[in-house]
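In what follows, one protein chain appears twice in different forms, each by itself as structure tokens: structure 1 and structure 2.
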Structure 1
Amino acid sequence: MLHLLKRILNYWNTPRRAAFVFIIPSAVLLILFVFLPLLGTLVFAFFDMDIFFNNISFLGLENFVRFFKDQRAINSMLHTFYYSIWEVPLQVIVGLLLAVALQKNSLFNKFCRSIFFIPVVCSTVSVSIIWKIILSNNIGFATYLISQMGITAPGFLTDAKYALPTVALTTVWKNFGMTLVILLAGIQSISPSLYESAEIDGANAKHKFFRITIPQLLPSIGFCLLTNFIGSMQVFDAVFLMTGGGPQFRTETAVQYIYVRGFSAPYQLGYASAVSWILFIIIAVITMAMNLFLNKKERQYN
């Protein structure tokens, strides 16, 4: 028995084989909770079925064709893009500007970094509820302050013109701390000799920012853009809690529409699965295009 155990340990006692020991648990979790459900939804997308698996019938591509005739589904995709256009650039810009401002390791800067990171560790549910109360037309502190200045407060969460941008801003407030930390790490890894050389050549702060900081940060900026875009295209909880998709579905996002179709009566799980795959394909295509563009830009500067 000891001899067999020794042979097993010797077999795995190499860097290449030992790596699999650490990879296997994560791989099993990914297979069980990501890849198998993903394949399952692909199968469901070709059937007319509900969450109770009653009255199952094969439809082929009919669910996918139905999406392009469903104006509410198309609008939910457009709302998701609109939300992403607000959320992604704002989060990266805010994170970048604060990372540049807080790059020195002074006590005050470290304190500010900690404060800005606190919303990241808070749950989206609690943050959404708090901001919904603050921005409420009836009891909101923000609307009260605006009214005290003699200005009629807009319906931040009830007016379709302001609702999605407002939700996007609250999401930026919650998550920019993570972007700040990533970009700050990138800035601090830039060689000081580059800035010293630029100063010798007479470069001012503006030139150093656009000619050194931005080009050197492109990998980090690209990572933030990609991850934030993927997250924003899957937004659900913030919109669901703050606006519920209203007014009149004007803030309903793609994932919220999938949830309503699949898990509310009449429980059209097959159609919801088809819409989720369409969303997956859209995110994958745009992400790959963004990745190719960002890699091209990185090669130009390198």
Structure 2
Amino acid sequence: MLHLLKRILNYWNTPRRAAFVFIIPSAVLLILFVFLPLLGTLVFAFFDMDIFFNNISFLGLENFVRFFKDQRAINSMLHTFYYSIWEVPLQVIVGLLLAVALQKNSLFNKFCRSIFFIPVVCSTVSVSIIWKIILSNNIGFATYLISQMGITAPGFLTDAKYALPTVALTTVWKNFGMTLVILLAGIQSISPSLYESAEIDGANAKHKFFRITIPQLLPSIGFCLLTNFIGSMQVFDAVFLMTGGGPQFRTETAVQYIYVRGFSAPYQLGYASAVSWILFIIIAVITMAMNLFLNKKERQYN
């Protein structure tokens, strides 16, 4: 018995074979919990089915057709875009400006960077609860401060016109510390000799920023744009907590719509899966287009 065990162990004790021992747990888990569900979404999207697996019937492309007639679904996509258009550029611009301002490793700068990172560590849920109350019409501290300045504060989160930009701003507030750190790593890896030779040529700060920092930083900026865009198109937590999608679904986002369709009555999982696919395709297409554009820009500079 012991002999057999020893032989088994010996058999697996070569680099080639041991590799499978290391890989198999991850491979099995990834196939089971990522790729199988992904396939599931693809299959479900062609069926009419509910959460109890009753009355399953094949629909073909009907779920996809239904999306284009479903005003609430289309609106949820548009809201998501609208949120994204506010969140992504602001996030990257704020992160970039602060990264440039704080690039030297002085004590003061390090202190600021640690402060700016604090909201990154906190959950979106907690941050959303805080802002929801601070921005509320009746008791909000921010609302009060603004009214003290003689401006009538709008219903930041209750007025559909302002709600999504407001949520986008709180997301920028929460995450700019992260963008800053990523861009800072990029800035600090730019060769100082580039700046030195520019100084010899008499370049001022503005020149250095636009002619050296931005072009050299383009891969990092591109990364931040892409990841922020992908993240913002999947926004759920912040909007769910701060507006709940209201008033009258006018701030409902795509993922929230998918969640509501799939996990509340009448549990239309097939349709929810189809909408997931549509969202995924939209994200993938735009991401690829942005990527192509960024690559082109990078080549222009080099």
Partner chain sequence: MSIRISKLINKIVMLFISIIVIFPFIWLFITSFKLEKDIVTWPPKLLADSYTLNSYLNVFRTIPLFSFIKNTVIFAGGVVISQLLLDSMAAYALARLNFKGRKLFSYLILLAMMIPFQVYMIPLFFLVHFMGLLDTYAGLIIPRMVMPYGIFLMRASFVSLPKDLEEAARIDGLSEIGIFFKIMLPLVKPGLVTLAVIILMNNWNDLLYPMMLTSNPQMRTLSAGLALFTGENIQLYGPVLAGTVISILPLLLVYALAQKYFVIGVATSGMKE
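Take the two forms, find the largest set of C-alpha atoms that superpose within 1.5 Å, and that set is the rigid core. Being a predicted model, the structure only gives us computed values, none of them experimental. Reference numbering: structure 1, starting with residue 1.
Only one of the two shown forms is the form predicted alone, so please name it by number. Comparing the pair, one sees that structure 1 is the form predicted alone and the remaining one is not.
State yes or no: after fitting on the rigid core, is the Cα displacement of S57 between structures 1 and 2 at least 2 Å? No, because once the rigid core is superposed, the C-alpha of S57 moves less than 2 Å between structures 1 and 2.
Large Cα move at I24 between structures 1 and 2, threshold 2 Å, rigid core: Indeed, I24 is displaced by 2 Å or more.
Exceeds or equals 2 Å, Cα of F33 between structures 1 and 2, core fit: The answer is yes, as the C-alpha of F33 shifts between structures 1 and 2 by 2 Å or more after core alignment.
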